[in-house]
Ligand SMILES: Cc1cc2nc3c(=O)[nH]c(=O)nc-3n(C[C@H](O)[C@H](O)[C@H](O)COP(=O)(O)OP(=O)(O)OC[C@H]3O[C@@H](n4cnc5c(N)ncnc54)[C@H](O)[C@@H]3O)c2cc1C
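Below sits a lone chain in structure tokens, taken as the form predicted on its own.
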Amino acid sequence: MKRVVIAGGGVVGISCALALQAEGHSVTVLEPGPVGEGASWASCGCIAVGEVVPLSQPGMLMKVPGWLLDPEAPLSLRPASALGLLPWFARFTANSIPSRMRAIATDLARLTFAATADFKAQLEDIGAPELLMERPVIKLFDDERDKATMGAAFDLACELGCTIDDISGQEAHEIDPAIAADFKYASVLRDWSFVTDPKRLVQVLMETFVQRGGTVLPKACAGFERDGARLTHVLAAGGGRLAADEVVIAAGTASKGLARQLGVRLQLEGVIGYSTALLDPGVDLKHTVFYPSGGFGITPYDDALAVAGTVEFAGLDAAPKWRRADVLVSRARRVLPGLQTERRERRMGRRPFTPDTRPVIGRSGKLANLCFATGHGQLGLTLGATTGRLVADVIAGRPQEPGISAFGPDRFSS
């Protein structure tokens, strides 16, 4: 049995904690925020099996210059953050080369294609299978030009094994009558599914971990003590010194600063995403629906409709711009004509993005007992259970799965 300390108790961190606990380790999680109110809380809650093509796809990059000039666009950059993000964006743009896109997509497919089975096994283990809704996701397009922006990404995803059916907008309306009938095109992503409540999911994961003897401290990780190439203790903010045989950094956007303390350079930036929970929406939507040109998706949670999206690069201490959340709600009426928006709850989450869209999973060569589980971007919920399984393999010293080295933290050192 090892003493494992995990910095971060979001969906990824707590999934790692449960996987390690199941192997007999004594696990402590440091989580300073309200349980379940991290990045996943402000998301569309999807198990996004087919989200394998990197964000740097050419169709996306062509829109970036115009978007950056529009504060209400799906992607925006706050001027105060621009200079510090130049190295990140340089690497991000370099990954639009077709050969790199294909390599990244192939790597992500290895993980996401295992996600549904891993997630269902996790829910069965905690006794909450009802939290997963196995219904396909629908993407909507106004016209040919709108649909063409997704063409290359869809083609590559299908080539790698995803199932995407092209239908008419009218057929999408027939599948889910809440959807407007005047979209010209739609696509049904058969491999995807969604959770009924992402906050409740993380809470149940945490409750199960504690019931099984795990420890959760409501504190941030403040630093480390080391002896040569090994970490010996984790320091908690406000006091506390935890002995550790193994350390896992799963602290989302805070992971970059923690890694820097240890001499590990992560190319990771925090991106704000917004979500609004509509508590009395007035429509009966059955599927998660994405409107790519509007930069958002809509998911029917148990007690609300969640309108979520946008990518906003801003400093880690930047206050949210709630106007961006309100714009998404206004645009959502294009998708759901009968939508009622009076009763609403706004949310925001900071998602840790890497320039190659790959998460950071595995050990650094600089420290023998440090493992990373961060940088998942928009795939944290999707890959939480899978990441937990992979981290448990690393700490147990089991052979790595083929291709997992592509997610290692030391790839940013070159």
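In this text, residue numbers run from 1 along the sequence as written. Since the structure is predicted, the reported quantities are computational estimates derived from the model, not experimental observations.
Below, we turn to the form predicted in complex with the ligand, even though it does not appear here.
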Checklist line | Interface segment, criterion being heavy atoms within 4.5 Å of the ligand in the predicted bound form, picked from 278-286, 252-260, 149-157, 172-180 | finding: 252-260
Notebook entry, point to check: At 4.5 angstroms, heavy atoms only, are 220, 273 and 308 all close to the ligand in the predicted bound form?
Noted result: yes
Checklist line | Contact label in the predicted bound form: residue 56 to the ligand, heavy atom within 4.5 Å | finding: no
Notebook entry, point to check: Would residue 7 show up as a contact with the ligand in the predicted bound form if we use heavy atoms at 4.5 Å?
Noted result: yes
Margin query: Contact with the ligand in the predicted bound form for residue 365, defined as at least one heavy atom pair within 4.5 Å: yes or no?
Written below: no
Check: So, in the predicted bound form, is residue 357 in contact with the ligand at a 4.5 angstroms heavy atom limit?
Finding: no
Checklist line | Contact residue in the predicted bound form, chosen from 52, 385, 370, 30 - any heavy atom within 4.5 Å of the ligand | finding: 30
Next item on the list: Select from 333-368 the residues with a non-hydrogen atom within 4.5 Å of the ligand in the predicted bound form and write them out in sequence order.
Entry: 349, 351, 352
